[in-house]
Each structure stands twice: as structure tokens, then as C-alpha cells.
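In the C-alpha cells that follow, the same protein chain appears in two forms, which are kept apart as structure 1 and structure 2.
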Structure 1
């Protein structure tokens, strides 16, 4: 086995195994798991499709070798993988009967509210305004509100320069935006999407506030990537109206939205949000309220494993090159870590370790050291690579 193949087996096989267990636990469908990784990470194939291509028996056997070497339960072939290997089954066949009718808007959505003025909030406001919705966006100051308009204007100007838009289109989009410095402006919106700080106390205060401001029947959505949405719903008197809409950054470009339901989320809210995603040109995937959802739960353990492999003595440049060559991923793990930010990666890995209590998910020491040193990646010009 070549070094590149060894790197593939070390990093990619556990990722495939995690995906099998995610489906096995009835957390997400075959199509949603694969679409999540394709549209959330830019992979040519989702993990379950990769297993079908390699063959369940081959993946099972190679994982068994990893498990014998490491004793890590995460490397033990999933029971479903064992079953498919024994029966020559495929995930394509398992997902074949899962097709359902396209979701429909069960609640009227005419006006959308966005809380926040950062990059994610600004991008979400642009997505809805470009799709014809009136958008009320709320920030703490006029300066913050102006920043949203500046961000969207810059994006629209870039599209015009590329011949993908016109000045009339730009004027129409900007004309659908209304800024406000008080949350009371959201009283009549049909959907609120919050994209404020990833701080549970801050978000709980916001949801309690929205509960008292927004009209009955309004959907309250959060873009959180790691906080418990169930708790946000419980902070209101309308938990059935609370749902996750995890957009990916930059929101105007990235196609994926993870639609996250809690045990209390109403079925018509779930269906409406999925239909709305399609209407604004996004691909919605469904999952439950659990740390990491689909994409982060599969992506970050793989990135953490890459750091552990580097700690064992394998050059990071070799790892990046091998993954792009053997797995066909658009970026190597260390290139991606530096884009995402090592601080973000560490925070998510800590969440996953806390949620699943698996020793194999403990954050790599080098990742913690990079963050402690302020080497966060491209945003600090120094991460695993220098910029």
C-alpha cells in the first residue's frame, strides 16, 4: 500500500464509517447525508455513495485493519456496513424508496426578518432580497446597518462586473431591504432568521424577546451550528414554531441549508422551511437537534484526525496532497482548517467530544496549541500554513 493509500485509509475510512452510523441511527437519510457533504463541502460524492463505489466489503475489511491497529471504537466497522458487506447491498438501494413529494409552503411567507449584521446575517438578507422577499434586518446601530448594505452592494457590484446582474436588479434588491435598530420592527414578519453571536445566553434572550414581539404563526429560525435549538424553543411559548436553518458561509454562494427540527417543531414549519429553501435556490437537508448536525459532525473529526496523523510524523503537505489525489476533495485538510479557522475547528471539535463522549473525538493537542498561539489560519496569516 502506498503512502497516499495509507493516508486515505487513516482519514477517509473513519469519515465513511461515521456517515454509516449517522444513517444507522436514523438521524438523516441517505440522500440528505450525501447532499450535505456535496453541497456543504464541495465534494464530488457523498460518503455513502463513495462506499457504494468502493464496495461495502472492501470498506469493511480496510476499517477492520484500522480498528485492529488503533482499538478506537470509531474505527470498528458499523453493524450496517457489516450487513451490507455480507449481503452485497448498497446505500443506493437503501435510499431508493425514500423519495417524497417536493415540500410545499404550508405557511404564507411574504416578509422575512434577519437579526444580526455580520457576514452571515448580511448574506442571508441578500439571499431573501434577491429572491423577491421584503427583508427587515435588525442591528445595534446605524453604522452596523450601513455595513449590511455595503456588504450586499459590493456583492451585487461584483455580479454586475461579471455580467451576471444589472443595475436595475441591484436597485430592486436594495429596495427590498429595510434596516432597523429595534427588534419591534419584526412584529409583522412571517419568518425571523437570527444570525447573532454563538452564545447560548445571548440567543436565549433574543428568542424570549422575539416570542413577545412576533405575530402568532411567525416562524423563529436560528442559524446556530452548535447550540441546542430545543433550548431556544423552550425559552418561548411557541416551541412548535422554532427551527434551525443552518446556512453555510458565504450564504449567497453556498447552496446548502441544514434544516434542523427539535422534538417540538411542527411538521408544517419543517415543510415550509424546506420549501422556502428551494424557493430561494438552496438545497435543504433534514436532521435532528444534535451537535454538529450532518456536515460538521462528519467533517471536523476527519480534520482532527488529520492533525493527529501529522503529530505521528507525516508531513502536512503530504497529507494535503494525498487527500486531494486519492479522495478527490477540493482541499486538503490543513488547507481547509486554515480557511475555516483553527479556533472555529477547535470549538466544534470540543462540542462533538462533549456530545458523543468518544475518546477518539478529543481535540488534537496541536490544534489546541495553534489556537493558544493565535495561529488561527488565513485570517491571522498563520495557521498550519503561512500566508
Structure 2
């Protein structure tokens, strides 16, 4: 019998350690790491705040037990954790003086373009339209465009049912949406956010095309979660205007946007995008162009570990329940895998394994099998759970 506490130690402690290593490597600030997990995944606290609460020494000791069992370097307490444990230090103190001024809109953003018609594209179109922006969304067929309106209508109807919106608001939001089946419709937008297939060649072709279509000064953003944005920028004659805006699923609800700059991204583009995020009710964190950014880099190894734990004989429902109870996460790992999609999760895990070359990041066999069997999650009505 595996207790809830053992499940917590197996899944959550390595996640905390990984967050420490991310900070140690100078990839992101204390506040951006914590904000990432709070606003991207709906956690009450970020990992570094959790370590402060549990005490660095306690986390270090429990991780050391796990490391002795597994010998996996990912479980070896991070050096900084050892240091904080020895000195009774906290991440709150390390992150204390990192205040920055509120970003400003350095470029005018009046009209937004969205490319794609899937869940993320639909959610992103909804976010901008709800904040008063005219949105031109581009899909490959009228049927796909209708799907975007269907997604947004369903969300707005749910809000109306709950008394949080009105038919007038709904009409206004839908009235700001203009669908198009050709990209030429994006000629006059100030910002394009693309959320098409996670395939480098497909996105490269899109960026070359956008470079020819969009007016000078337009910001070209991608919501890729794993592809190199630097390469997308290099496919255009305006890499300074190319940036990542990584939204989270479901986009209308999750408040986080990871704003990913490449070495070529202009500072005014970065600042404008951050200011725009605030305007549409989102929280922006800064990331470099590296696989997984902040959130996926911390989240997916934990989800993969949950699959490995299940493979060792622990029931799915027991793991989901234990995590919600002990860590207070809004969803158990298998519930979340089914929302994200096992295909997407596998692709992200492969990227992380390729980038960080840690054996402990190799995708779990069951995750591969689920994808091969077409059990992708909620979207196929069968994933780890059935729907």
C-alpha cells in the first residue's frame, strides 16, 4: 500500500528540486518560477514558496531519502537547497529585491490576428475579443472557423448560465470576431498570435508567409510550447518583431502567458507584449528560448513520473486523489494529462529529454502506448481515464 505521503514524496519532491535547479541555472527569477506554476497550472503556491513553507532542510532530507533509493541525479538535492538548508535561508529572501516597473505598450495594438482553429487558438481569440480587441482569426475552412465560434459560444453560454455574463456581452464578444480562410486578411493587424500545429516546418512556412503579408511593425507571436522561436524569427526578415506568447490550457481561464524572447527580439516588442498581457487580464513571466520554458519544464517531468509510478502498480485514481489532497493541485496528474492530451504530453516530454539529456526524463512506456493506441485523453474520450 502506497500512502498519500509517499505519492507526494515520489512526485512532488523532484518537481521542487527541479525548480531549484532552474533558478540555480539562472534561467528564471524566483517570482517568475512561482508565478508560472501558480498562474499556469492553478497552484495555490509556486514550488519555491512551497520549499520555504516546508523548510529547505526538510525538503533536502526527504529528497536525500528518495535519491538513496533511486540513484537518479534528478533526485539528488540541488546544491542551492543544501546551502539554504545549512544557512536556514529562504527563496523569499533570494527573490526579495527583484521589483520591476510596470511594462508599457510601446507599439499600438488595436487589431489582433489569430492563426489556427484548435482549442488554444479558439481560447486565445476569446481572450482578446473579451478584452475589447477586434480579432481576425484564420482557419483552413469555414467548418473550422465555425468551430472557433462554437467553442467561444459554449464558454460564454456557460458564463451566462452562471450569471457571470449576459446575452448582450456575448453578442459584443462574438461581434468582434472576423473569420477568414486566407492569411491575406492579416495584412493590417498589429499583432498575430499563431497556434497552429506543433510542427517546425509547418510553422516556418507560416512565418515566411506572415513576413510577406503583415504590415511593418506588426508583432509576430507564436504560442509554441516546444519549438525554437529563434528559428521562426530567422525565417522572416524581421526577427526583432518575433516573440513567444505561450498561453495555457484552457486559455480563457489560466492567467499565465510565458513571454519568450530570442536573442533577436526587440526590447520594445517584449515590453509591449507584457503590457498587452496585463491589459487582457493575464500575468506575464519572462523566459528564454529553451525547451519547456518555465512551466512545461517543471510540469511534464512530474506528469511523466506519475505515469512511472502507475506502472509500478499504484492505481491512477489513488495518485490523482493523493496529489489533490497533499499538494492541493487543482487536478491529479492523470486528469491533467487527459486535458492536455497524451500526444502533446509525449511530444513535450521528448523535447525535454532531448534538451536536458537526463535518463530520468525519458518518456514513460505507458505514455507512448496510450498515444500509439489513439487514447489521447478527453479529445478522444479515452486517455488514462474514460469520458
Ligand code: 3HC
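In this text, rigid core is short for the largest set of C-alphas that superpose within 1.5 Å between two forms. Positions refer to the first chain, counted from 1. Please read all numbers here as calculations on a predicted model, not as lab measurements.
Engineer: Which of these two, 1 or 2, is the form predicted alone?
Structural biologist: If we ask which form is the one predicted alone, the answer is structure 1.
Engineer: Taking the rigid core as the reference frame, tell me whether residue 330 has a CA displacement of 2 angstroms or more between the two structures.
Structural biologist: Yes: residue 330 shifts by at least 2 Å between the two structures.
Engineer: By the 2 angstroms cut-off, has the C-alpha of residue 64 moved between the two structures once the rigid core is superposed?
Structural biologist: The answer is yes, as the C-alpha of residue 64 shifts between the two structures by 2 Å or more after core alignment.
Engineer: Tell me whether residue 340 is among the residues that move between the two structures (Cα shift of 2 angstroms or more, core superposed).
Structural biologist: It does shift by 2 Å or more.
Engineer: Could you check how much the CA of residue 381 shifts between the two structures after a rigid core fit, in angstrom?
Structural biologist: Rounded to one decimal, the shift is 4.4 Å.
Engineer: Let me know the CA shift of residue 366 between the two structures in Å, rounded to one decimal, core fitted.
Structural biologist: That residue's C-alpha is offset by 2.9 Å.
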